[in-house]
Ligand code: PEP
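Just one chain is shown here, as structure tokens, and it is the form predicted on its own.
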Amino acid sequence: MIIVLKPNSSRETVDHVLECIEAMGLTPHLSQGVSRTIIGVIGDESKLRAAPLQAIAGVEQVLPILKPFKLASREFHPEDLVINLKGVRIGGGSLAMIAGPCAVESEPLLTEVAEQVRAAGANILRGGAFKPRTSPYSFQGLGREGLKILRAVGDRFGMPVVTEVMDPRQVEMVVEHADMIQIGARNMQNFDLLKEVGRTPIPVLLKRGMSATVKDLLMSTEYILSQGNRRVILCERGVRTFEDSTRNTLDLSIVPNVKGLSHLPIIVDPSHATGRPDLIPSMALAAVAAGADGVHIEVHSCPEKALSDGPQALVPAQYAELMTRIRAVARAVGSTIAEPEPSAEPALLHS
């Protein structure tokens, strides 16, 4: 159920409604906009039907949420979510330009790449410390040492950092070093992991599973949101089809599709989607034109020597050229690329 409060309700009114809902054994989830306050009510459906929610003082409307993903639905949160990641606004027309190597291999290499992508306009640095690989004999990442390197390099260039977590036991360690947690495609339906990151205080970048529908992705998001973490960014990185000329098939229709269904920001990863550097620029530009809230691109100074996913990485010069073109498309569709900077703003904003 959604409870819509009367316009410009006072803090006391909001608190009274929340107390009434909790007294019924139900769980309220507050969403406050500029002039409207909406409360999502989660709990036993029979209690919801029997509860006289409309009679609570301050309540204007009680509406059913028709989508199975309650907290991720635009019904619950009509306004676009804008996340502030250390000064980088993501969503609402502000683009997250995430760039860096697939894996943190060494401090000198990450420093070299970070300096160049930062100069090109990237505002978030990526690098994996824990790597889910198809083969158990492939490079698995540097672990804690990789996290320390990522943190140090991000701080040096004033860039917030994002890295992947693969196991609930790694979450505390990753939160200690990263500004945003990435959940990879293989773990999109690792529900214990989703619940664990849902209890963390930092934003989560959730990648679409290789065979997941849009509904599957949003239901996975619900696991995170239900634990209290409302700062979730979705990521399209291609799905498995019968096509074998690309690594995956990039589904750009998901961008406007998700924006119609949910208030959450969505970015696109053309590196994993295509697996081909020659296709990455076109797909990145198309993603921004489609209304994506950012682009996630792998960049390596020497792809042929990369320990992970070298064949799908751009070199820094290619990334710089692409960023020039992305800015032009962003201007055309009314989007901007935020500069990372220290900020005293709250981590969760509304547009």
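Bear in mind the structure is a predicted one, so any value in this text is a computation, not a measurement. Each residue number is its position in the shown sequence, starting from 1.
The form predicted in complex with the ligand exists for this protein as well; it is not shown, and the discussion that follows is about that form.
- Annotation: in the predicted bound form, residues S73, R231 and L234 none come within 4.5 Å of the ligand through any heavy atom.
- When the ligand is considered in the predicted bound form, only one residue from R169, R240, K215, R186 comes within 4.5 Å through any heavy atom, namely R186.
- The partner is absent here, but in the predicted bound form a heavy atom of Q182, alone among T274, Q182, N84, T221, sits within 4.5 Å of the ligand.
- Across the options 317-325, 61-69, 290-298, 29-37, residues that bring heavy atoms within 4.5 Å of the ligand in the predicted bound form belong to 290-298.
- Not displayed here, the ligand is kept clear of H263 by more than 4.5 Å at the level of heavy atoms in the predicted bound form.
- The ligand is not drawn, but in the predicted bound form it has no heavy atom within 4.5 Å of L95.
- In the predicted bound form, at least one heavy atom of C102 sits within 4.5 Å of a heavy atom of the ligand.
- The ligand in the predicted bound form is approached by K207, whose closest heavy atom lies within 4.5 angstroms of it.
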